[in-house]
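One chain follows as structure tokens, the form predicted on its own.
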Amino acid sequence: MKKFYIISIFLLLLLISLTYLYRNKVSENRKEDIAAHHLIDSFNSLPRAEQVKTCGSCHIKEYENEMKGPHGNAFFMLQKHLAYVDSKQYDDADYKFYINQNRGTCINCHAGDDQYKKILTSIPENQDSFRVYLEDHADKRPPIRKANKDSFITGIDCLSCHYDGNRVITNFDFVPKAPRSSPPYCNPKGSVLFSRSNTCITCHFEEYKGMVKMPEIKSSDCLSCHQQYDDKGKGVHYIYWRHDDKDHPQPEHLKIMDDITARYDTTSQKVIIQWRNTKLPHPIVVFIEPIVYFEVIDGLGKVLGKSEIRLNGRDAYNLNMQSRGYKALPGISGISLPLDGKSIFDTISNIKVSRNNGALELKIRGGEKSQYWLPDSTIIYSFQKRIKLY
């Protein structure tokens, strides 16, 4: 029995020693990590990609989500678009010339300079002053980064919204936890201008300008709809967009095509399609073209009629392009999705029902093009639905 106690005490002491050594090793590793950050002579002298990776070394999940989302991929999206326009697949010579003459204008938003460093630091920290400034500078966009063009590859990254050239900027109600061991460049400062919408507006001004209050939508903040949140309601830095990453399926509240309903009128033999918007509180981005194709099919799969709805600002934007010396863009004129509770209506006529084809359905297929003047072959389909009619 005495031998058993001696062995037990020995094992307990061994366990305590190992635990102490492990914790001490973890602590030393943590000190080394912090020291490594502090040893960086100048955060501002690092290449852009290294700066962003430095942020990601601590904010691992936020970095991963940012790089998967539309902002981190903004410059790659632009490169892909330019490569397509310059290829033999695209045949509008005038637009090819136009876009190659104006690449810099595109980069303003696809790889713009840091907003706090170049724009917001010159504005009084007051929400009203900020909105007035934007109204007065509606046509201006964040300036292009003056660094080497290789810095563009991170697109709209951590620094674009969170850095003023000296330190990190975050929510106005930020309270630092003491004691802090962060390096000098990551010494967060709260700002009243860092709202859930303000950092979106300089690039997405048209949407902000056209915002309306809708009873179905509780908040008009951009991030309330477009950011992904975890189970505790904390934002994870993934921003939903039209080409969502496979690990981040689009939530139901952004699926505007879900609002489409339809019925068959036996008297007029028409399929009446109604699209009442309950999800979108602002105009669709001027360049994008959501398209919905409709097919009325019978029980045998025979197509009895077709129609389509295109949402775009082609006519209005053509005027803008013409003012810059470019002629009318290709593409088909579309309509706007109402923001006032009214509906879009479409009809498919001469739909006759017989005993042979009694089962009647409306097949809906929807998707988007990144620019409405591109061929329909570039549509990315993301929506399918069937409605029983008869």
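All of these numbers come straight from a predicted model, not from anything done at the bench. One rule holds for the numbers: they count along the sequence shown, beginning at 1.
The same protein also exists as the form predicted in complex with heme C (HEC); that form is not shown, yet it is the one meant from here on.
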> Pick from 86 to 94, 156 to 164, 300 to 308, 266 to 274: which stretch has non-hydrogen atoms within 4.5 Å of heme C (HEC) in the predicted bound form?
Replying inline: 156 to 164
> Given that heme C (HEC) is left out here, which of V292, L223, I144, L193 has a heavy atom within 4.5 Å of it in the predicted bound form?
Replying inline: L223
> With the cut-off set at 4.5 Å between non-hydrogen atoms, does K117 touch heme C (HEC) in the predicted bound form?
Replying inline: no
> Taking the shortest heavy atom distance, is H59 within 4.5 Å of heme C (HEC) in the predicted bound form?
Replying inline: yes
> So in the predicted bound form, does any heavy atom of N312 sit within 4.5 Å of heme C (HEC)?
Replying inline: no
> Hey, in the predicted bound form, does Y208 get a heavy atom within 4.5 angstroms of heme C (HEC)?
Replying inline: yes
> Any chance all of K246, I335 and Y390 sit within 4.5 Å of heme C (HEC) in the predicted bound form, going by non-hydrogen atoms?
Replying inline: no
> What residues, if any, in 285 to 315 have a non-hydrogen atom within 4.5 angstroms of heme C (HEC) in the predicted bound form?
Replying inline: V285, F287, I288
